[in-house]
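What follows is a single chain, given as structure tokens, in the form predicted alone.
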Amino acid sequence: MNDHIRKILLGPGLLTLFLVFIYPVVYMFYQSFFTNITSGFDGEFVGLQNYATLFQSGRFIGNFITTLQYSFGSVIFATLAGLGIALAIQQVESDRLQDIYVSLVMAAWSIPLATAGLMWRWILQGQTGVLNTILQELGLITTNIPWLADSTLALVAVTFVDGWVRMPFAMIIIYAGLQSIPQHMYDAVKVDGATTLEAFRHVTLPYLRPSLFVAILINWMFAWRAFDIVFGMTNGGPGTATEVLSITLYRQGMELFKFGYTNAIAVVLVLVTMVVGAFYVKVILQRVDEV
């Protein structure tokens, strides 16, 4: 394939990238320097005032920290649960049963995020929720636990649900990585007398690093920008205990119509995602070279 044909084939892809990502981001960045925006390119130019207001806001700083806790908590749970389930499925001898188990786990991934949020809100309701009813029937609690009304419990709950929703994706990436590990590597360490834990540490884990990095990066990027689950379960409450930046962005834009300020929040979300993504990809490439 010569360079001329290659450029022609790349053209539609680059044009699509420009239309759906580069232009909206540049336009969003441009509008973050304005206030009193009503439509199009109107508004009052205020320079960096929106960013100064943003970083002087205690609420924004608090929500930024909440978003970090939420996204990293979610990805840690999703990765560990996905790894455990993938390892358990791999131990099943029947290939057909392995396929069935993988399909069952992946079914959870097909649930829309908003639906998952509403479903778990029903489960965790303090007075009428299924979880409190089951715990009381088992004699484990005597009074209802306010899962979504307590600040700490609510953040733990939404983080857990986000991790639960993203776990199947982590599992399938890790499971695919496990399938690529040569069996003779396990046979070699077994001859050397390695235990199961030592085989995991010296064979499984090094081979799984690229898969783990991909699963962690992609899940974190989605959790960092998560909206549906938190909105469905708590709407950012109680108070602002679970108000992640996407909820802040929605309220400032769709309820208060502060579009310039909203664009500044969106720019911060995109920049953090791009910086972390670029750093992570660099680490992934280094790790792949080491394997």
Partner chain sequence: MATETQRDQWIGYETKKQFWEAVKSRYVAHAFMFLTLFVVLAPLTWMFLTSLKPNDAVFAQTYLPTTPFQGAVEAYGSALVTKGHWKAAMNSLIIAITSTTIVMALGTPAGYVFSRYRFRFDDAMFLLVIVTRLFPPIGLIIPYYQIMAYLNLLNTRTGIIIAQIYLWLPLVIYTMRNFYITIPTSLDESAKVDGCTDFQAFRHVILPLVMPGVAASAILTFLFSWREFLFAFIVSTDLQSTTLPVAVYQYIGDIQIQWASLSAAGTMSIIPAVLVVFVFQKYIVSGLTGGAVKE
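Residue numbers count along the first chain shown, from 1. In this text, all values refer to a predicted model and were calculated from it rather than measured experimentally. Take the two forms, superpose them, and find the largest set of C-alpha atoms that agree within 1.5 Å; that set is the rigid core.
In what follows, reference is made to the form predicted in complex with the partner chain, a form of this protein that is not presented.
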The partner chain in the model of the complex: contacted by all of D99, A107 and N263, heavy atom 4.5 Å: yes
L197 within 4.5 Å of the partner chain in the model of the complex, heavy atoms: yes
4.5 angstroms heavy atom contact with the partner chain in the model of the complex for T152: no
The partner chain contact in the model of the complex: I145, any heavy atom under 4.5 Å: no
The partner chain contact at Y27 in the model of the complex, heavy atom, 4.5 Å: yes
Contacts with the partner chain in the model of the complex - residues in 82-118 whose heavy atoms fall within 4.5 Å: G84, I85, A88, I89, Q91, V92, E93, L97, D99, Y101, V102, S103, L104, V105, M106, A107, A108, W109, S110, I111, P112, L113, A114, T115, L118
Yes/no, V275 Cα shift of 2 Å or more between this form and the one not shown with rigid core fixed: no
